[in-house]
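What follows are structure tokens for two forms of the same protein chain, given separately as structure 1 and structure 2.
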Structure 1
């Protein structure tokens, strides 16, 4: 059965100065899947994520989301598309001056005119889904890093998005808490019928959550496939990365570009 494509990139290029960061990126992401973009630090994966979400405009190429070329939309038209996005930032991006409830309510208040009583009900539901029932009145400084990630996730799904983007969701977390976040990503994707796009270099997370994986190296997609296909890849770059080998075609000591993006 043919799968529905929800995000499609065709020939995406992006340069900063004389540095070619994204090189002719073409890939499709299917509705309802968890699609992981992995690669070394400086590979271009975060730039790719920012391009897909509209934060960065590519120099050339086409980018369709939900069958619309977002590069041709004006700001008002793109805001309507962005209403269907959720975003979990690497460091959660919570406002310390606000309570957990107020943080999760931010996108609801920004994009809707719902009454306060309805907003409170929605916030409670999203916090319950992420295992944070009864934490509404705490502040971010009063909870752990893993809990802050879950608050960020509750905020990301506050508006019932079709697509949620995750930027290094397990960064800085211990293995057990990271496993909790991984499980939440998978569970919420299935329960809420969300398409998840995850940028990470955490290999344990990659193979736990991914339906398909794309590896980016020096701005190019060098492999796309299921976890099994990636693990069996005969590409030496892929094997070095997923196995964490110092020796190989990726020279971490000579390739200073890895530390610039």
Structure 2
């Protein structure tokens, strides 16, 4: 059975100054799958994610989301597509001035005309999906990092999006909270039939949640496949990365690119 493509990248290139960050990236992401983009720090995976979400415009290439070339859309048209997105940021990016409830309610208040009582019910529901109760009136600075991630996740799914992007969802969390976040990503994808695009270099997380994995190295896709295909890959770069070895083709001490963002 042929799978529906929801995001399609074709020949995406991006340079910052004289640094070629994304080199001719082409890949398809299917509807309903959890697609993980992994790679070393500085490999270009976060730039790739920001390119897909529209925060960065590529120099060349085509980017289709739900069969629309988003690079040809004006801001208003692109905003319509963005309403079907949700994104969990690396540091949650909750608005400090708002309470937890107001943060989760923000996209609903801005894009719907629902009554306040209904919005409050939706917020409670979304927060309970991520396992948070009785924290609605706290501010983001009053809760822990793991809780902030869960609030960020509740906000990301507030408008029942088709696609949720995750930028390093488990970084900076203890192993138990990281496992909770992984489970949430998996559960939400199944329960809400969401397509998930996850950028991470947390290998434990990658093999737990991924339906398919793409590995990026120095701005290029060097491997793409299911977790078992990646684990069996003959590519030395992939093997060094997934096994976390110091010795290998990626010479950390020689390759100064790795220190750059």
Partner chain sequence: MVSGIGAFTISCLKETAQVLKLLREILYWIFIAPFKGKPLKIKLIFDQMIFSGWHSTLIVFFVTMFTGIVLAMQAAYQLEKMGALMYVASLVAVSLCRELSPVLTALVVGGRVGSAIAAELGTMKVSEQIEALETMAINPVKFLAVPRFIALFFMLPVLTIFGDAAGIFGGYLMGVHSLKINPALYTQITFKFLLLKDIYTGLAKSFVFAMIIALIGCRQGLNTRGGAEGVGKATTNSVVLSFIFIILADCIITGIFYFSNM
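Everything quoted here is computed from the prediction, not taken from an experiment. Numbering follows the first chain given and starts at 1. In this text, rigid core is short for the largest set of C-alphas that superpose within 1.5 Å between two forms.
**Q** Between the two chains shown, which is the form predicted together with its partner chain?
**A** It is the second structure (the form predicted together with its partner chain) rather than the first.
**Q** Is the shift of residue 75 between the two structures large enough to count as movement, that is, does its C-alpha move by 2 Å or more after the core is superposed?
**A** False for residue 75: its C-alpha shift is below 2 Å.
**Q** Report, to one decimal in Å, how far the Cα of residue 97 moves between the two structures once the rigid core is superposed.
**A** On core superposition, this C-alpha lies 2.9 Å from its counterpart.
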